[in-house]
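In the block that follows, a single chain appears as structure tokens, in the form predicted alone.
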């Protein structure tokens, strides 16, 4: 069973969902700067030209780029026993720093406190595609385990050589190598003294099985949690550089607008610089308030173009589907039309998904500094090497002249793949000749950061009277192909993804399009179960009847058991729903109870069962699952971007509804710890079952079937 149309399309589909056009194409490489100093203003003028969007995720290295083979690229042992580990992965709140530390400690047999990770610094860490796609655990965790295991073998070999004994009789533990027979002990630091740890990392080097783990597989608090609790941690907006000034960027009034003219005279003030490069206009000043004041005094004229609005969004998506194969060939087997003719239960429905924002607590921010022709940028991003490439292309310099440093970041959720703030800060720093800090406002984040794609999904299905699925047709317009294939056994299928030129900027969001596709599929499965002759079939029984995948069956059964599915009836005004699926080698099932009071839908209880192979940190995994469910409440119930003719109308938290404390239900997590299966990621898949489970519960409670996300932005009656 595959969660995508086919392996040959997997990489292109993921790139499609990662992409979000960047708004600038700088012209300074073709024309001379004209600097005019007067009235305290330095104006950097470039002859304007229409901005050319550049796609992130298009020009990038392969997903399977080979990793350095030398231990020294990944791990350093110091003479005092400290272990420094290097990885290009970013910490964006998912606590991957902790689980990677556990992996190294397990295989190296070193104390947790001796291990420090250097993450997401393009000058220090090996190349990495980025922190997305639930790839960190199956890829980087495994790589660092291999590195640590090889390093352990190396220090044992060094001790054996020094003692002139057989290495097989030595034991490595707690940062030391011991000779039980001879009573000798040497610390890793002593063994590393004067040694170059350059032994190749051997992929076949035996690793500890999960059943033998003593550090991994156990709950461990966040390794640097004290820094966050006490406020010692430095986020990007906290970074300070000598001589640093503050930047602000002039934003157009709507999507697609181009700059016709600019009058900077009113912005004149000491130490204020105005920079224009094509449609890019920004200011720098000694303080953020001064930069804001200067920006407000710029007089710009923009040429706008008509754009679609949210009220006509779904008609637009259907009418503007692209042709030419960018969506890949459809998956097709059997004959859907013939199977539908003989089906006793049939379904034909359309489901829709709105644009939503990522809403991270930390908005986009960057500090940029030019020195000696080299650019250094501190920024929160999931793709430090991708942002390095974007900066190199934007400023036409070699990548080795660009360094990107990512401090542990205040959330991303798939929304920080591009280097928007980094490019803007670097452009302003180039004009100012000083380091520049740029922090987006919430309004900028909600307007100009890319959105989770909206979509239209059309489903047709058919089943025999006994509940056996016979036909399945599934068309996704725009929202994406992740998890588009059904995990259920159906002999006659047609599944197709249709790309659309989006009216708003769009890109990755937690679980990509898997949330939309699971919502449509699991809602349709519920509808088919109820449409069967003789009063329908229990929705769980219907799913299990059409499932052969034992891991998916197991999570459905585990969630149902914990929830008490089928053992009681809901109270008046309450309803039960269940949904599940598979994505990124994670298997999830979610059962939900809702209460409907005065047409308001409240989620009362959620039970999620999850299987991602061997569990590395059960507490961290539970936190991921609970967080995914809470985040999923917003997109399920009320989150939606409202826009009119290219202008976002609800670009602040006071207008954009996100889950609040009072919205959070009782959440119970069931972990299926499969120590016989390699660990998979868990940052994305747990979110996909929440929306369809809630929608199915609403139907159970009210008899009303909701087919649009969000389902109840203004209450059930609306």
Partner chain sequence: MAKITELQVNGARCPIEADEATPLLVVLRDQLGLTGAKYGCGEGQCGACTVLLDSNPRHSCNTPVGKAAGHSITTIEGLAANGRLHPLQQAFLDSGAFQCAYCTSGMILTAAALLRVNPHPSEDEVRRFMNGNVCRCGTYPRIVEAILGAAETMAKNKS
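These numbers were taken from a predicted model, which means no experiment stands behind them. Positions refer to the first chain, counted from 1.
We do not show the form predicted together with its partner chain, though everything after this point is about it.
Colleague: Going by heavy atoms within 4.5 Å, which of 299-307, 315-323, 378-386, 221-229 lines up against its partner chain in the predicted bound form?
Modeller: Selected range: 221-229.
Colleague: Pick from 552, 537, 631, 150: which residue has any heavy atom within 4.5 angstroms of its partner chain in the predicted bound form?
Modeller: When its partner chain is considered in the predicted bound form, the option within 4.5 Å is 631.
Colleague: 411, 75, 347, 490: which sits within 4.5 Å of its partner chain in the predicted bound form by any heavy atom?
Modeller: When its partner chain is considered in the predicted bound form, the option within 4.5 Å is 411.
Colleague: Taking the shortest heavy atom distance, is residue 458 within 4.5 Å of its partner chain in the predicted bound form?
Modeller: Close contact is absent here: in the predicted bound form, residue 458 is far from its partner chain, nothing within 4.5 Å, heavy atoms only.
Colleague: Although the partner isn't part of this model, could you tell me whether residue 652 comes within 4.5 Å of its partner chain in the predicted bound form, counting any heavy atom of the residue?
Modeller: Result yes; residue 652 sits at the interface with its partner chain in the predicted bound form.
Colleague: Examine residue 473 and determine whether its closest non-hydrogen atom to its partner chain in the predicted bound form is within 4.5 angstroms.
Modeller: Looking in the predicted bound form, residue contacts with its partner chain do not include residue 473, since no heavy atom lies within 4.5 Å.
Colleague: Given that its partner chain is not shown alongside this chain, does residue 235 nevertheless sit within 4.5 Å of it in the predicted bound form, heavy atom to heavy atom?
Modeller: The answer is yes: residue 235 has a heavy atom within 4.5 Å of its partner chain.
Colleague: For a quick check, can you give me the residues of 79-109 that have a heavy atom within 4.5 Å of its partner chain in the predicted bound form?
Modeller: Read in sequence order, the residues that approach its partner chain (within 4.5 Å, in the predicted bound form) are 92, 93, 95.
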